[in-house]
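Below, in structure tokens: the form predicted on its own, a single chain.
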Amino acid sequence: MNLTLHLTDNCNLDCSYCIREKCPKDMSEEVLLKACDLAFAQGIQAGLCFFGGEPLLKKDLIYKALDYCEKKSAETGIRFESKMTTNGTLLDEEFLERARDAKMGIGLSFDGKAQDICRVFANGSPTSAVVEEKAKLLLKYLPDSVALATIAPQAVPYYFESIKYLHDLGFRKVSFVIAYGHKVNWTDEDLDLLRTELEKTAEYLKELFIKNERFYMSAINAKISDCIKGKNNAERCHLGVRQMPVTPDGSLYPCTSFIGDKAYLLGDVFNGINNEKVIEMAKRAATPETCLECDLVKRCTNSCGCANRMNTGDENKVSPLQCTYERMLIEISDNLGEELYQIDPVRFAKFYS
């Protein structure tokens, strides 16, 4: 099974849109190893995602988990995979050599040209210069790493510029999402500008397609690909039980935004998972009632209970912001997909099928 290990609730950055409360709470080695055992207890694959806070504040735990799980994989024949989401400021060659040996997938939280607008060190100093150098180092060792950008309203003017910057830096996979939660305030003007930036991005993706250059920008590419393949977003995990978070004290929850809510506590690494509760959650309707009659119901992320809870406080209620964003994203993606198909249908099918 797949677990997301919250190795620490502490972080060396102070990002303006972050809704996580920083505190000096770290996972113990005992909890870590119990979590590793749990990952191997179900299924044909064991997967760990190192998360935080900032997981690299606890490099020692990552090394211990990798050593332990690689040995356990050799003993059991169960495949082991690992990944990590990091702000990148603490990356170094020693760690990246170990990550490369482990074939770890790394997502670098990097807002591109908007980095210093929202993502600063705890003392308020800028992070862009440091993270740019760390990004280059990361791509040297793990060239398939993904840049993960979160765009707050004040960063929207830099959206397209950041896409191009990250591409020029060497990333071939980027994930751009808009910032949600109580720390951001989107206006109609912000959303109008976001549409313009998305249209610029689509035009840039068309230019790269014409050059036969692969570049994956998840927000748009996934919409095109899912449409072609007939995939339904609602078929994806509703409450995150496919990638279950483990808190520093070993508690298990369905998704990050549910951590601390006892109603959603699914067990712990010492006593295992409450399977009856997991089954009960899995039976819940994935699509909010207000979305059932929408013509785009199978194309958007309305089924993400974690995002819904973060935005509206209710796992089954979609926010107007999310609805507006999804509609513009689908429209722009569909228009781009049609253009790319007309340019070269064979290559289009190769890229997106």
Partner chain sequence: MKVTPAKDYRKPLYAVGVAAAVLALATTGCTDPKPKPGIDYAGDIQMVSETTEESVMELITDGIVSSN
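Positions refer to the first chain, counted from 1. Just so we're clear, the structure is a prediction, and the values are computed from it rather than from any experiment.
There is another form of this protein, the form predicted in complex with its partner chain, and it is not shown here; the text below is about that form.
Chemist: Select from the listed residues I228, L139, L193, M281 the one whose heavy atoms reach within 4.5 Å of its partner chain in the predicted bound form.
Modeler: It is I228 that has a heavy atom within 4.5 Å of the partner.
Chemist: Within 4.5 Å, heavy atoms only, which of L205, L96, L266, V146 is in contact with its partner chain in the predicted bound form?
Modeler: It is V146.
Chemist: Choose one stretch from 107-115, 160-168, 196-204, 122-130: the one whose residues place a heavy atom within 4.5 angstroms of its partner chain in the predicted bound form.
Modeler: Of the options given, it is 107-115.
Chemist: Counting heavy atoms only and using a 4.5 Å cut-off, do S28, L32 and N274 all touch its partner chain in the predicted bound form?
Modeler: Answer is no for this spot.
Chemist: Taking its partner chain as it sits in the predicted bound form, is K58 in contact with it (heavy atom to heavy atom, 4.5 Å or less)?
Modeler: The answer is no: K58 has no heavy atom within 4.5 Å of its partner chain.
Chemist: I'd like to know whether D188 contacts its partner chain in the predicted bound form, with contact meaning heavy atoms within 4.5 angstroms.
Modeler: Yes, D188 lies within 4.5 Å of its partner chain in the predicted bound form.
Chemist: Spell out, yes or no, whether the shortest heavy atom distance between F209 and its partner chain in the predicted bound form is within 4.5 Å.
Modeler: Flag for F209 set to no.
Chemist: So, G313 and its partner chain: in the predicted bound form, are they within 4.5 Å at any heavy atom pair?
Modeler: No, no contact at 4.5 Å.
Chemist: Just to make sure I understand: among 39-60, which residues lie within 4.5 Å of its partner chain in the predicted bound form, judging by heavy atoms?
Modeler: Heavy-atom contacts to its partner chain in the predicted bound form: I44, Q45, G47, L48, C49, F51, G52, G53, E54, P55.
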